[in-house]
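Coming up is one lone chain in structure tokens, specifically the form predicted on its own.
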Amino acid sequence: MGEWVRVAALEDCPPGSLRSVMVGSVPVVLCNVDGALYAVEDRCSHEELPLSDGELEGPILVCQYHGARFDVTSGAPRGLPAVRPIRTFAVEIRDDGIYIQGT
């Protein structure tokens, strides 16, 4: 297991928002679904474009480029053209901010 990395303050990622952060050299997007935080790699498995440019529809992250859809709770694809899952990361909220466990 990787070490935990502080990536943002809680107020930096309000409900319904996406926030692009880096965990080491890996781009990650924080997703706030009704107050629950999830983190997925910021690359669409369809064409490796940034998912942080998309939008959240509940727990579904929609890629703005080709409409691929992913469940941020599991990384599972939920709409074509994506057929491969995206990588997920563990998230913790601590007194001083949001932490993601790296690789």
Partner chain sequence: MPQNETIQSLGLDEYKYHFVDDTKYLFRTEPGLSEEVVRQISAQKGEPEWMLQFRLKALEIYRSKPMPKWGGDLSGLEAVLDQIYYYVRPQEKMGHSWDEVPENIKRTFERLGIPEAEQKILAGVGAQYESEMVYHSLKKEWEEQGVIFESIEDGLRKYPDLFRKYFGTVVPPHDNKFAALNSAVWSGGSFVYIPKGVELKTPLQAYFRVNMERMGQFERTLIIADEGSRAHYIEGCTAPVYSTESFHSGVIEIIVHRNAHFRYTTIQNWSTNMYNLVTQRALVHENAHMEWLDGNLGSKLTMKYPSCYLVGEGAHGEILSIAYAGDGQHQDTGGKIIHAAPRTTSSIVSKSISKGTGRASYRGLLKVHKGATQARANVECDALLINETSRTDTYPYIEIEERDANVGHEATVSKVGDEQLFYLMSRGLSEDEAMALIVRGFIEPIAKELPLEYAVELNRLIELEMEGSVG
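Numbering follows the first chain given and starts at 1. On a predicted model such as this, the values are computed, not experimentally measured, just so you know.
Below: the form predicted together with the partner chain, not depicted.
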property	result
Sole residue of Val62, Val33, Val26, Ala76 within 4.5 Å of the partner chain in the predicted bound form, by heavy atom	Val62
Option touching the partner chain, based on a heavy atom within 4.5 Å in the predicted bound form, out of Leu80, Ala90, Ala9, Ile93	Leu80
Gly58 within 4.5 Å of the partner chain in the predicted bound form, heavy atoms	no
